[in-house]
Ligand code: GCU
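Just one chain is shown here, as structure tokens, and it is the form predicted alone.
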Amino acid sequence: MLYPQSNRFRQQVDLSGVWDFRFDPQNEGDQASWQSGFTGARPAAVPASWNEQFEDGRDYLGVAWYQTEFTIPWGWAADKHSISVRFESVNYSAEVWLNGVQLGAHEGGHLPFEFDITKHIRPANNRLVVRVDGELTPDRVPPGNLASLMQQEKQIAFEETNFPAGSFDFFPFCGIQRPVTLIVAPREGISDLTVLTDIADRDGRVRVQIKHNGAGEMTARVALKNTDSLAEAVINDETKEVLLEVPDAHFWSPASPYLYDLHIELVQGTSVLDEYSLQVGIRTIRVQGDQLLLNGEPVYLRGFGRHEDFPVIGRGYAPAVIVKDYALMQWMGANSFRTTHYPYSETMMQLADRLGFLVIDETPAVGLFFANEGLEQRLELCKQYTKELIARDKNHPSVIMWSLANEPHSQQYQAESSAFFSPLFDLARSLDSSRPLTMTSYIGLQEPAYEFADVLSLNRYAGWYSQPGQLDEAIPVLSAELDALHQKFNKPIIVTEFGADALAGHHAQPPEMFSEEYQADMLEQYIQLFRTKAFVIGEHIWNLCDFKTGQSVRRVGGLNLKGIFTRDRRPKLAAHRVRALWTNPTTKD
């Protein structure tokens, strides 16, 4: 799936704005033919989460409807072009109609989907209708409303003390949360690109796999515009690979995120049918022993987990917030992040390429459990997400690792969990063998899926959820666990979450839980411990910023307060303490 762009052959039209919106708590819209349009609507912003826009929608996770109207883009010709509508993220599931005709459906938020609307458009007054369902159910991913099922299985459900009842610790925002775009493209044009890079001494190699939907013999012209590298290849089949050699190449890295401009033209006879441009970073990434090697050199990850979360917009797309978060991470001395616990926006990924951030790219498979009810459906959804994520982000040099899940509840289901993850890891490797694979666990030594991972990602809260308030006891416990984990699996470890809640402005001497001092001390002692472990290759603080959660007795104000910045991006004491550690040249590189 190509990201939309405009050039002499392609157009994109952003449909963001204020749409008509209506809740449907009785699920009456289908019977009342709202698919063709509905009345009684209120205005709602797109993209944004509905939960932050309306008082009566804060905790509503059911069915709601959106509609808007548009005119076909200028210059469209039915005999030469196709038109698609693309949704970057609808949470949780979507059904889409144009002028009363059903285009299709998509399950799962945070990943894009699109429909060809060429046969159904009119010159003007095209009505686009979207039915969104945000309900939490056991057979969805991420799952929810598990309490009764967990009681049957004699397990404790996370959401028994959490409202809304998600199996995860962040708010289940709903709605059309990223842009909706009309795409005009040539009927016979480039349909997909895969870019793979390699390094030999100081030279770079760029392999470009071109997929097209044309007919007859064509020629692909491929060039790196800021080099002398140019290649042509005759395309007889649907897919063709072209190799570009780049002598004395600039390699992409956090210190020097150099991007080449890749340009592809599809030619038939003397006519250019289509073109597409893509920024490419030449780099390699691999695991060797206890090291993660970027361009053949060891790299250590310093960074964060974070959430797409901000007041008023919820999980809605906000370029200013994205830029602000990058500025905060750069100020801190960070070089990486994990897309916890779902893929981030495509703009976030593009800026990671440009700014030189290393990204562990994670699917939306958070809070998985392995009771039989709905298990097959959950596995199929995880396979779908893995395919969609790799298809979307495979060409980003910033993406150095795929993470296939976060904190699955595997304790009592060791065999079932192993049987679940084995084909998932096989699938990811078949789709992309150029990047290491990981998954994130909180059960550590007992995690069955670690068998399949190249890197172990561990979430740990000693001194908070265990040994609360007792850092002098917690740090030795953590140290011993890290040693045991490495001894058992003999793989490098990233501590992908660690942290403590701190209420901004609350201070205590001596430090105590929820004070800014305790959070800062805990993070500092963790980081100092990691410096003593050669097999620890990264540290990601949980969290960059405070974020909204469901309501519970442990979440003051409906917020997780583990951010070292507040939800509105003001620094706590820990931000200054960690910055001093990360920008000190004597610390671990």
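None of the values given here were measured: they were computed from a predicted structure. Numbers follow the displayed sequence, beginning with 1.
What comes next is about the form predicted in complex with the named molecule, which is not displayed.
- For the candidate spot formed by Q177, S345 and E388, no residue has a non-hydrogen atom within 4.5 angstroms of the named molecule in the predicted bound form.
- Considering the named molecule in the predicted bound form, the lone stretch of 295-303, 243-251, 400-408, 263-271 in range is 400-408 [heavy atom distance within 4.5 Å].
- Although the partner is absent here, D169 lies within 4.5 Å of the named molecule in the predicted bound form, judged by heavy atoms.
- When contacts are judged by a 4.5 Å heavy atom cut-off, K562 counts as touching the named molecule in the predicted bound form.
- Remark: Y258 does not count among the residues lining the named molecule in the predicted bound form, judged by a heavy atom distance of 4.5 Å or less.
- Although the partner is absent here, K533 is not a contact residue: none of its heavy atoms lies within 4.5 angstroms of the named molecule in the predicted bound form.
- When the named molecule is considered in the predicted bound form, only one residue from D361, E88, E497, D325 comes within 4.5 Å through any heavy atom, namely E497.
- Proximity to the named molecule in the predicted bound form, taken as a non-hydrogen atom within 4.5 angstroms, holds for one residue of N459, T181, N162, T227, which is N459.
- Looking at 532-560, the residues that come within 4.5 Å of the named molecule in the predicted bound form, counting any heavy atom, are W542, F547, R554, R555, N560.
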